[in-house]
Structure formats: structure tokens, C-alpha cells
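Form predicted alone, single chain, as C-alpha cells, below.
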Amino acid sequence: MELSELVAHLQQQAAAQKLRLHEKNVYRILSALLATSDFWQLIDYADVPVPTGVLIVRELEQQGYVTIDSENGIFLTDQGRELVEKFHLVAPVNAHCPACEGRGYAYWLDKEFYRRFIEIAKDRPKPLRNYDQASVTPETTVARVQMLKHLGDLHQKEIIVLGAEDDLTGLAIAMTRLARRVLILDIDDRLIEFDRTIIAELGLTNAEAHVFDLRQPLPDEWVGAFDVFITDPPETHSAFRAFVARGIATLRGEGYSGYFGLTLRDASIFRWQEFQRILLNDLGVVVTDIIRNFNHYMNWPYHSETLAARIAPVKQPPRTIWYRSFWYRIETLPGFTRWNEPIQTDALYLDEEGSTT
């Protein structure tokens, strides 16, 4: 089978499962197989949602290009290596700066702050599946703070953090004592209580934390009241509205900024196009920065219970970091839209492309 036929066949199968893929997704899977036999690293290299990666790998097996050993991994066959050579594919090259882990922002710039944050973060509550929690590494959180500082989005700013406080981003910002105000919202009362305890212990007078369900509209006092918002949403359409659109609603006016993460592990590049159209056309903001794989997520304890684990062609759990997301920064433009409507759905975390909850 020619590669074009393989891609066309895969696209038909994908459509039947409400998934989307293109030729480059197949190329990236084949290239990644030159670097690893570990399925989770394969997804990391290829930047595809887990269900899409499973579909491609299973079809490559069906066509004789790979063999799958559920205990040991996925391997190119001789026929697969011939295909790779035919299309001049090479293994992925890691050219990231090791000092900043490829982010461009050095988490170690303030070593004392970094050490204090690590000491506090080690006692944070464990991630829960029912809230789609997965904590980023301490290095990621501290790098977020350094980026805020570098871009003028920290000093004397009023900052709101909407959900995803399992990363402790709001607490880390408050710990700098540089922001005028930090408001932390999360649905998980364990995280809010943890933040409140640390805020009290450190005597932080610039921070407050509240339990809040982002499916509900924000109270009027929070709308248009902040300089910066930060969030890290699931990749469903309803979650994008609940976290990102609602974050934009908190901004004071034109020229204010927001930060959020998007993965290619639970959403396709086609979904990203839809999200970017919402940002540009519906909400009236501009994207100023997209940093690839800025956010590194520690493996979560409930992995074996997820759809990703059930559909994976291998039995091994992830052994190293494989789940990463891109970090977006946006700014509001004149005439931007504040969206703050209720969301009537319980399906906030999963859809056809998502699988890690």
C-alpha cells in the first residue's frame, strides 16, 4: 500500500470515530518509531491525541509496518524500515536548550524562590481523576512566574487564576509578593484549603483563594476587574469557554493579557484551529506567544483507570514525562468580547479526542 492510500484509509477510519488526522501525523509516528519503542514517548514525539495515535499504530501493524509487543513496545518491521527510507524520514532531533528545558524562561533564575516553592509543593494534594487533575512539574510553574515577570505581567498587577491550581501557579505568584492582588479559584476544596494554609503561614496579604465551579458565570465583581488571567483548561469546547473565554471576561480592557495551556495529547491540530478562530473572531483577542511543550506534566496516579490506558496497544504505563502542553499568551484588542454565560454540561473533561481523564 502506498503511503497516500494508507493515509486515505486512516482518514476514513478516523472519521467513523469522529477523529481527524492528516498525512503529517502518519509521518511523525513513523519518524518517532526510529527514536523509541515506548508508546507514550511515541505520542510525545508525534504530537497527536492518544486515540489518533492508537488508530495509526494499529493500522501500521495491520499493513505489516510495525509489530506490537504489549509488554515491550512497538517496533518497525523490515517492511516498515523500507517505508521510512523510501520517504527519507529521520528520527526526531531534540535541539531544546537543556538549561531552560526548551521554554526560553529559566526556572532557576531565582534559586532561593525555586527551592522554597519545591519545599511547599511537595505536600500539595494528590491529583484526582474526577477533576481531570495532573500537576505540572515545579520547574514548569516557576518558569510561568518568570515569564510573567519578563513580560511585565506580574509587578503590581491584579491577577486571577481560574482552575488548575493543582499546579500551584496562583500560590507561586503570591509567594513573589510582586503582584498587587492574586485571586485563586478552583473547584477542589482540598487545593483551596492548601493554598489558604500556606497563604496564612507565609503572611501573604495579597492573595485569596475560593472554591468555584467555572461552569457557573463569574460574579459581577470579578468581571473586568483584573490585569492578567491564568488558566489551564481541558481541551473540550465547553471547557475552553468555561476557562479561557471566562478568563478573558475578567480583563479590564484592551491591552490586558491572559495565559493558558493547550495540548496535542487530548486535542488535534484541527481542534486548535477551531479554538484560535474563537479567540480571534468571537472574542476579539490576539495571540502574542505560543511556546511549544512549555508545560511538563508529572504522571498522574490514576493513569490505569483512563481511556488512554485501556485503548493503548501496550500494557506498560508511562515511565517518563510524556504529557506536555503549549503555553499561550493572548492580549485583548479594542472591542473584545466578555463572555460569561452558564455552561449546561457535565461533559467538561472528555470528548472523542480526549482520553487521559
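Here the structure is a predicted model, which means the values were calculated and not measured. Residues carry their position along the shown sequence, with the first being 1.
Absent from the display: the form predicted in complex with a further copy of the same chain. The rest refers to it.
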| property | result |
| --- | --- |
| Contact test in the model of the complex: Leu185 vs a further copy of the same chain, heavy atoms, 4.5 Å | no |
| Contact flag, Pro334 vs a further copy of the same chain in the model of the complex, heavy atom cut 4.5 Å | yes |
| 4.5 angstroms heavy atom contact with a further copy of the same chain in the model of the complex for Glu341 | no |
| Residue contact check: Thr236 to a further copy of the same chain in the model of the complex, 4.5 Å heavy atom | no |
| The single option of Leu151, Val211, Leu202, Ile118 touching a further copy of the same chain in the model of the complex, heavy atom within 4.5 Å | Leu151 |
| Selected contact from Tyr131, Phe243, Phe113, Trp272, since only one has a non-hydrogen atom within 4.5 angstroms of a further copy of the same chain in the model of the complex | Trp272 |
| All of Glu23, Arg28 and Ala106 with a heavy atom within 4.5 Å of a further copy of the same chain in the model of the complex | yes |
| a further copy of the same chain in the model of the complex: contacting segment from 161-169, 190-198, 283-291, 215-223, heavy atom within 4.5 Å | 283-291 |
| Residues in 76-96 with any heavy atom within 4.5 Å of a further copy of the same chain in the model of the complex | His88, Val90, Val93, Asn94, Ala95, His96 |
